[in-house]
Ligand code: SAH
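Single chain ahead, written as structure tokens, the form predicted alone.
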């Protein structure tokens, strides 16, 4: 094993003293050895005091901390961290007979920066956002299978679009492990998980998860609690679910007793999947209809008077350079929706843009309310669920913001 050491500039250890899990490139004084991206490197202060250990990478974030102790990053390390993550999910009650859809590892929130693992019943989808996690993927998988104790039949690696492009890894998605298969990616291998859509259960509702071709790991797990809140408000209402993707909010609204549910997405494939998920839970129910339309075009031309609207758009700002444009986009979208809603309506509105903080999003929605001159009350302030924890030393991990508004 390489003995790689990173020495910080004097005074640059302060953030690590507060247990922040990143070392920025500007804080690095020198490095002993020649690390390759993804290598484990030990971090020392300018006067030689050991501070932490983590994955080296190229870019503004030079190192992502795995431990502030002196433990080896080996099979035992991965098993202990994954077991701890599993214990948290069991403690917060997301692992139940009526719920087998949850996030097992949420990067920095589980002290494993650069790693995401979502569970869909007997399938685990692993996503690496750093070269270090990519390099350790097989140790992670072996530890995951041990920790899950027979609950998995397959582990799929879906990191083709999430790994740093500058690393030039040419990584393709594929299986890391399949029960009973030595080479799960060979032609003719027996795969126990349906590539056309694996069915899993969330809060007693069935969803066909497009883990193979879909966005992210296949399903937006982070909206589970907020979908359940929509269900509480849906009875007797006409519901519009914009940017519907898999139709999660629509399915919950149907169970909540909505009189009509319309799902809208610019992707025809998403609309097809949303309709399939509604049919899976409510076969033959005529209350639901889906439309493949641009969101703003649909809002401009809509004739129906929806009194419960969900706005859950994709990230408008993936980096700070796009912040101003993103905030204008949120204001425009919310103003367009509010202007068409009858008095007494409920609006669920979200931002998943990490570059937009809670105050900025709230201001954008406030501006939308002011533009439309509607009386608006905040009923709930929403966030990501407990299986997407925020490391208290890494506030940047709080990315999902939401408001439930009463519009007069």
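Residue numbers count along the first chain shown, from 1. If you're wondering where the values come from, they're calculated on a predicted model, not measured in any experiment.
This protein has a second form, the form predicted together with ligand SAH, left out of what is shown; the following refers to that one.
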| item | value |
| --- | --- |
| Contact of residue 245 with ligand SAH in the model of the complex (heavy atom, 4.5 Å) | yes |
| Distance check, residue 118 to ligand SAH in the model of the complex, heavy atom within 4.5 Å | no |
| Touches ligand SAH in the model of the complex: residue 130 (any heavy atom, 4.5 Å) | no |
| Contact of residue 111 with ligand SAH in the model of the complex (heavy atom, 4.5 Å) | no |
| Of 295, 169, 92, 73, the one that lies within 4.5 Å of ligand SAH in the model of the complex (heavy atoms) | 295 |
| Contacting member of 312, 210, 136, 307, with respect to ligand SAH in the model of the complex [4.5 Å, heavy atom] | 312 |
| Options 152-160, 274-282, 218-226, 77-85; stretch whose heavy atom lies within 4.5 Å of ligand SAH in the model of the complex | 218-226 |
| Those residues of 255-276 which, in the model of the complex, come within 4.5 Å of ligand SAH by heavy atom | 265, 266, 267, 270 |
